[in-house]
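In structure tokens, one chain follows: the form predicted on its own.
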């Protein structure tokens, strides 16, 4: 009891101890979160309390750091990729991609769930948005899978988890923000995410096949498409398929930067959906622009406030103190990667993944630098944990998207997620012990 009172006394008297400061910041944020304040408020208030109470530094530094946080040129790509994703989500892109995969795989055993998985991966590479993928692919594929005899719990879990591959396959908003916060090349992160994204999609497809075999005769197959129907499906999907090829190919070859690729993606989306498909009207584009503005404002506020918060904890040397607390000095790179993965996974289970990214990245960057870990590998690991957390109870954001879109209760939506969680955990272990999965293409691009 005396120790607790002494600790509280240190807080009141502004004793400059790293554990006192950390405890004060954490408690402040937790209290404000439980009071239902949006996440930028706890971050801002915690930074201000630290500056005023412990450091007595002019609070104007918060504004300076917020401006600094949203100044990097790489962030220009964020609203453009969001706008391109919104335009394509409102158009025919998802339908045409689904039609192509279904034409070639739908009639085979496990054809429909594999179609859903590959379509989520391809649409994720077009939109970069997990929630847009859940909506666009899920609304089309769920009725087909249910009609074929698949259990709804399996169907919803498949769509939720396969959609999260969008975190890894470029363009990835999470990778752009991580690259900005950690001062890491966004182009290298994009290229490094391709390998893990493909491996994860393959693992999901294998599970879909095993599940379908176990279900046996309860699963019905759709008729095989003839050659003419396949050619027509391919013709319709050529333009959507061209999007990831041009974006990734442009970055991989060095012809364009990620920001230039983002600008091109908007032009490409407008040409495909408005001029060629003629699916969208001017009002649809204006609505997409309005939605993009709102989402971008939220993201940039978080990034700016996160920069102010990270500046303060760096000023107080809190990451270095946590390094000593976690006993990571001299630890193996595999152990450090495990700690990073576990921290981000737990955080993303309870809080929006972008918020976790803003809070934890500044803490681990000094640890990554000191350990000699490749920051690109760490960035891929972080985005993988964001994907896992977004689909994992209790508060994964894609779970609640599925609840809203499919109009099903929470427990039913999460019932089939365990096998996919095991696969995602296995993917994490693969990245830790076989980093070449992520770094092979990046290293190849360097030649």
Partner chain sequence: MKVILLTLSRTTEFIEKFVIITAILLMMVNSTANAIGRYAFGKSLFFSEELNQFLIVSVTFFGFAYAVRKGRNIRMTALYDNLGLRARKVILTVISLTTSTLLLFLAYQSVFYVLEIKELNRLSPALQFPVYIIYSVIPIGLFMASLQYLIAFIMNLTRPGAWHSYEIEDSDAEDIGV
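Between two forms, the rigid core is defined as the largest C-alpha subset superposing within 1.5 Å. Residue numbers count along the first chain shown, from 1. Worth saying up front: this structure is predicted, and the values here are computed from it rather than measured.
The protein also exists as the form predicted together with the partner chain; that form is not presented, and the subsequent description refers to it.
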Heavy atom of residue 375 within 4.5 Å of the partner chain in the predicted bound form: no
How about residue 130: is it within 4.5 Å of the partner chain in the predicted bound form, going by heavy atoms? yes
Using a 4.5 Å heavy atom cut-off, state whether residue 79 contacts the partner chain in the predicted bound form. yes
So in the predicted bound form, does any heavy atom of residue 264 sit within 4.5 Å of the partner chain?
yes
The stretch from 290-298, 92-100, 212-220, 194-202 that lies within 4.5 Å of the partner chain in the predicted bound form, judged by heavy atoms, is 290-298
Assert contact residue (the partner chain, in the predicted bound form, non-hydrogen atom within 4.5 Å, options 302, 157, 145, 237) equals 302
As a check of understanding, the residue in 337, 233, 354, 272 with any heavy atom within 4.5 Å of the partner chain in the predicted bound form should be identified as 354
Looking in the predicted bound form, the residues of 67-104 with a heavy atom no more than 4.5 Å from the partner chain, listed in order, are 67, 70, 71, 73, 76, 79, 80, 82, 83
Is there a C-alpha shift of 2 Å or more at residue 40 between the shown form and the other one once the rigid core is superposed? yes
Q: Could you check whether the CA atom of residue 381 moves 2 Å or more between the shown form and the other one, using the rigid core for the fit?
A: no
*If you line up the core, does residue 422 shift 2 angstroms or more at its C-alpha between the shown form and the other one?*
no
